[in-house]
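Okay, here we've got a single chain as structure tokens, the form predicted alone, with questions on binding and movement later.
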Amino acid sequence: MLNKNLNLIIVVFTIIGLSFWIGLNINLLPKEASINAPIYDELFKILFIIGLILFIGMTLIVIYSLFKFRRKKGQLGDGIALEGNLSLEILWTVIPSVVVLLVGLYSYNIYDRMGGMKELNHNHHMIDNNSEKIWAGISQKSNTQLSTNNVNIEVSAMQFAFLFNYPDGDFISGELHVPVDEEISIKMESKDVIHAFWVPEFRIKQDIIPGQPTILNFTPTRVGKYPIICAELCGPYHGGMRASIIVEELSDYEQWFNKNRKTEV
């Protein structure tokens, strides 16, 4: 009995150790490209490790059971009927409950650190001039920390495209250009049905709801071209509703912006 318990403890700790090693050393996510990405990745690693522990553990239990409790040669009757095990039932109720509670609390902490619990920073021209209500979003700063240096862009989503309006330059683009390491604030509105603004490399996703403007603030940290994907089923061509966000050095962004902005006659 002592040897069996010792072997069980060794197996359990081996599974946990292997899961932590895989979870911490193998990255399944796309490259990080915003300040929110490393924060989100912390939660993903924890969930990945928990999933590995369950997957490896359950797989080993099934394999062990297939050999240990298989029908013996010449055995014709049914196996022993076992009913009720209070200790086991308490164990598999308490452990998942504690895990779910801890993951929930940690998820709340991650969402708060990403800016989901802050009062929305909406320093947009068309919002400042009226009392339009902002419904949801993620803000890196609260209104008491409002920065006037944000790059403010307005996003219009429709079946099946994104359009990006630059109020300061009075022009519309089919691509979203932003400077690297600068705070970006986008105000999003839908012209028809529910859409979503999702950039996997930024680890951000925000629904765009008809009649309910949403704000999303982020800071890109890596120069490059990244896909913007609609992550809400919005119609027959939903799969093709994509755009690009191009993160540039400040000088390159200013050159592009000045080239496209409308000049006074």
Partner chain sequence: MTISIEPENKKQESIQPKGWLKYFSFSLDHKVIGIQYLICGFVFYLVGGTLASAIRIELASPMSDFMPRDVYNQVLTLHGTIMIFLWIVPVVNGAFGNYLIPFYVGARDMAFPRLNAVAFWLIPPSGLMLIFSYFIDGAAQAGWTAYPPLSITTPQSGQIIWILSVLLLGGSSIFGGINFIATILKLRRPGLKLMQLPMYCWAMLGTSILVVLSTPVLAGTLILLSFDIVANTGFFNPVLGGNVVVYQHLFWFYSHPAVYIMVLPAFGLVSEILPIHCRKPLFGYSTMVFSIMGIVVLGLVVWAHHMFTSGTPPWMRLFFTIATAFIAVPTGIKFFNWVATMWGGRISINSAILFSCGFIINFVFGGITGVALAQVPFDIHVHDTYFVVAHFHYIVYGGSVFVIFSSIYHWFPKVTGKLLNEKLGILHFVITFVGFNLCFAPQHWLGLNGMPRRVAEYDPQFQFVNQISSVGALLMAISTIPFLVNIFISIAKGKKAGDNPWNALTPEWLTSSPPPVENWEGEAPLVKEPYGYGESITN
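All of these numbers come straight from a predicted model, not from anything done at the bench. Between two forms, the rigid core is the largest collection of C-alphas that superpose within 1.5 Å. Numbering follows the first chain given and starts at 1.
The form predicted together with its partner chain is left out here; the points below concern that form.
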Candidate from V180, L176, M114, I184 lying within 4.5 Å of its partner chain in the model of the complex - any heavy atom: M114
Joint contact, I16, L250 and N260 to its partner chain in the model of the complex, by non-hydrogen atom at 4.5 Å: no
Contact flag, E32 vs its partner chain in the model of the complex, heavy atom cut 4.5 Å: no
Its partner chain contact at W92 in the model of the complex, heavy atom, 4.5 Å: yes
Heavy atom of I110 within 4.5 Å of its partner chain in the model of the complex: yes
Heavy atom of K205 within 4.5 Å of its partner chain in the model of the complex: yes
Members of 183-204 lying within 4.5 angstroms of its partner chain, judged by heavy atom, in the model of the complex: D192, V193, I194, W198, P200, R203, I204
Rigid core superposition, W92 Cα moves 2 angstroms or more between the shown form and the other one: yes
Yes/no, Y64 Cα shift of 2 Å or more between the shown form and the other one with rigid core fixed: yes
CA of G79, rigid core aligned, shift of 2 Å or more between the shown form and the other one: yes
